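Consider the single chain below, provided in structure tokens and representing the form predicted on its own.
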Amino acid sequence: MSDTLLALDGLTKAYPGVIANDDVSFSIGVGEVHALLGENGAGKSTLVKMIYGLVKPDAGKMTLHGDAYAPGRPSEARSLGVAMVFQHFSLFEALDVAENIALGMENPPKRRELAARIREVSNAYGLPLDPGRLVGELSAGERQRVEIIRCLLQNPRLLIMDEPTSVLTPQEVDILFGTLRKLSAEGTAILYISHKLDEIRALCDAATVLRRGKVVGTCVPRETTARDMAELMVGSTLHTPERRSTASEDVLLELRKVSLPAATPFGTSLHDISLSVHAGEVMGIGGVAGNGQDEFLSVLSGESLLAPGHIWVAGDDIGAQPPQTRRGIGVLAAPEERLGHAAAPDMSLVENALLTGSVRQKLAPNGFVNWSATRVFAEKVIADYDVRTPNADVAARALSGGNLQKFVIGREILQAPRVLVVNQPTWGVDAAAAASIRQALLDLAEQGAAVIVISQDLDELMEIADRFAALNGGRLTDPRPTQGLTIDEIGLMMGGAHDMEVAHAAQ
């Protein structure tokens, strides 16, 4: 641990109107698990892109094992022992595991040799993979294994991991941490980026904290509370969401035996989903990614239409109504995919505000867009949700993932919906912003809305949901009050234990 593997000295990178990294210096030791912390827009992504050869620094230098290190592209970084597992997987669903891994290698071996190596390495590190399985058939956790094994086959000296547990069950997180500890013991250094501070405390040896592009502190996570780390990240006292049970007896949203065939060969069909959500209630829906979350949101938002008799809001049948009609009566949704689904990448924030706000905010009376009112609405979202952007004319794709997420969620909540469905509301969002979003969802429920939160963050669901159900293979478990539920029970429900007798028997 005393030997320095990677040293950063004064790394600086500026873009028009913003300094992404300002004189950043720190080091990572051989075998060290080092956390990189910071709120959205703090400069974490730019920094790791410089380490991985995707971005060239304007100033400063790096050394790797004492030698000058300045990769011009990712392939050069990989050849020197630096590998990265990105937050968003880069896999082809129609190809099998071995084919996907071969695509990420500079000089892949022959198919039979590669398949043998995949089995050998994946089993050695507790992440077993079948080289012949189609990626489209894999769970999110198994897909992450593909990305990790692809890196491990290249014997990295430094492994960069960006939000690696966002799509994993608690049991899969335990498996991943076991793998990372084994790698660390063998001398591989790990640079670990996550907003889940309890995970940082459990796994990491040291942490460097960025705020607005600068290093503002370091700490030993095991000796620092999650709250202290969060407050160091944001530079202020962290607000804890205040949960008040406000659910009434009135059923505002009701689903009756909702079924939907998969839209693509790798999609998930919904099977006989029935659910009632009361006014003032937050309903938590958990599940490993790829178990029907997107399809579930699409039938509620109106993107997928059903025959009459399956979805009711305040007694009115809306199953055959399209999205704009549903928005008019106050049924709003924020999908998981921020860029391309929730927001049009090349449109400005003003234009993106119009896309879902035109009906409920009356931004286009008589078919003519009121751009002045639309700008006011966009700027209110930016101000109320602390969206870090130079102005409202910036294209959506120019925002960091966390800041775009704040804009998307704020855009829907500020329209005062009667029913709001959100998928992964705080994915990639820093601790302070996550607390703010969760509080806004609780406040919305307190005002009488029915709120459905689809999330893979179980701590989030336990914090804000009144009841919990799990999606697995397109089927929904019976909802249970969150009070008294354990994380292990929830994890088993997410993994397919559809009734709690099965869950208890498995323990």
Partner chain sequence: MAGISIELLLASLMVAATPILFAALGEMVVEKSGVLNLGVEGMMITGAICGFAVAVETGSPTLGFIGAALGGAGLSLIFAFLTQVLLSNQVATGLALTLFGLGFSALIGQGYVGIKPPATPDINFGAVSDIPFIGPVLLSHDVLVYLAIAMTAGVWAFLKFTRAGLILRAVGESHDAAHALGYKVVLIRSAAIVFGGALAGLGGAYVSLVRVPQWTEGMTAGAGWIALALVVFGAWRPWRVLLGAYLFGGITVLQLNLQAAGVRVPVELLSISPYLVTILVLVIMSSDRRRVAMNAPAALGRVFHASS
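Residue numbers count along the first chain shown, from 1. What you see is a predicted model; the values in this text were computed from it and never measured.
There is another form of the same protein, the form predicted together with the partner chain; it is not shown, and what comes next is about it.
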The partner chain in the model of the complex: contacting segment from 193 to 201, 138 to 146, 258 to 266, 272 to 280, heavy atom within 4.5 Å: 258 to 266
Heavy atom within 4.5 Å of the partner chain in the model of the complex - residue from V350, I318, M229, A102: A102
Position in contact with the partner chain when the complex is considered in the model of the complex, options L305, A94, A124, A116, heavy atoms within 4.5 Å: A94
Proximity of F86 to the partner chain in the model of the complex, heavy atoms at 4.5 Å: yes
Residue contact check: Y52 to the partner chain in the model of the complex, 4.5 Å heavy atom: yes
4.5 angstroms heavy atom contact with the partner chain in the model of the complex for G235: no
Non-hydrogen atom contact A432 with the partner chain in the model of the complex at 4.5 angstroms: no
Non-hydrogen atom within 4.5 Å of the partner chain in the model of the complex for each of H310, G328 and R418: no
Sequence-ordered list of residues in 135 to 164 near the partner chain in the model of the complex, where near means a heavy atom within 4.5 Å: R150
